[in-house]
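Here we start with a single chain on its own, the form predicted alone, put down as structure tokens.
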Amino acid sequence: MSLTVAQIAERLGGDLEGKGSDVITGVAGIREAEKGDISFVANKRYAVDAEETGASAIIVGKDWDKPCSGDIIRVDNPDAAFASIAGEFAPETIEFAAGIHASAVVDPSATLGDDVYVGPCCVIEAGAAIGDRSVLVAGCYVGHRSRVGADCKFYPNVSIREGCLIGDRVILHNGAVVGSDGFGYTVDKEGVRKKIPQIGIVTIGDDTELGANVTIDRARFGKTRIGRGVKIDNQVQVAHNVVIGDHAVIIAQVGIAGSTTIGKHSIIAGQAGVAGHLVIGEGAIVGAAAGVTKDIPPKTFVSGFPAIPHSKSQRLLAHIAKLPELKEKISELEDRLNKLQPEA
């Protein structure tokens, strides 16, 4: 694939500043880009990189007012525009022809739709169903009576336990586990734990994507529910009976304890922890590494531990940073006071 800068500007509906004749053959980050690459900047903190980049063209916002070393294409949303044009230069998509690999094990009672691909060493148990055009790349497991919708793609070693329900166009990356037992035990007077049966299921809505090694526990009873269009990053743990609303975003290494509800369009940033039986309101944002110990109202931005409104958390951090200086001042004042004390 090769396009001139002017052709890319036309495809994006952007405003071109520069000659536009350079040929673009690839995409790259602003710091790594070389001649023949197109890159983008959406934040003025990268102004120096934009001025020094080797990229032949840079996609920027309409209000960008910093110098750039290459041609400029102004658009309303640089991030979305770059994602759009990056698709033009992406490697050819790997296609899987419909069929069942000789090493796969498919129970005779399982139902496979049209044009399904079942790759090497996959196992599909009794009563399971796979929708039209879905792809199980390799080593995937679909448990008894589970249902997988149409146009899904499961990368190697995905595991769907018994009875779970997966919608259409769901993408599960390597090692994702859906429907493992929730973490539930009773404790007797001697401190010995006895397992509580986890008899519920997991449901996942259409157009959801789970990253590598995400784990979604089955409900103790009822359903652990992941809504439509939810995006979950790598190594996230979702406990039993959690409900995640449509189009929520959960970023890497988050842990969500049991029976918590995450509202629609919420964002939980990396390594945050959410205690059990809480409600995070629609559109709320939880900052990275925050510890959520109580309900969060809708459209609220919280951070820190325990999580509090972000602006207050930032002020507290600023005060904490001054503690060494304040300690020295207090010590100095104590010395001065001691010198003022009359001798006994």
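Residue positions are given as counts along the sequence shown, with the first one as 1. Nothing here was measured: the structure is a model prediction, and the numbers come from that model.
The next section is about a form of this same protein that is not shown, the form predicted together with a further copy of the same chain.
Between the options Ala150, Cys121, Ile100, Ala129, which residue brings a heavy atom to within 4.5 Å of a further copy of the same chain in the predicted bound form?
Filtering the options by heavy-atom distance leaves Cys121.
Which residue among His277, Lys62, Lys35, Lys66 has a heavy atom within 4.5 angstroms of a further copy of the same chain in the predicted bound form?
Comparing distances to a further copy of the same chain in the predicted bound form, the residue within 4.5 Å is His277.
Does the 4.5 Å heavy atom contact test between Asn338 and a further copy of the same chain in the predicted bound form come out positive?
So Asn338 counts as contacting a further copy of the same chain.
Taking heavy atoms only, is Arg74 within 4.5 angstroms of a further copy of the same chain in the predicted bound form?
Answer no; every heavy atom of Arg74 is more than 4.5 Å from a further copy of the same chain in the predicted bound form.
Although the partner isn't part of this model, could you tell me whether Ile320 comes within 4.5 Å of a further copy of the same chain in the predicted bound form, counting any heavy atom of the residue?
Yes, Ile320 is a contact residue.
Answer yes if any heavy atom of Asp295 is within 4.5 Å of a heavy atom of a further copy of the same chain in the predicted bound form; otherwise answer no.
The answer is yes: Asp295 has a heavy atom within 4.5 Å of a further copy of the same chain.
Suppose contact means any heavy atom within 4.5 Å; which members of 127-146 contact a further copy of the same chain in the predicted bound form?
Residues within 4.5 Å: Val137, Ala138, Gly139, Tyr141, His144, Arg145.
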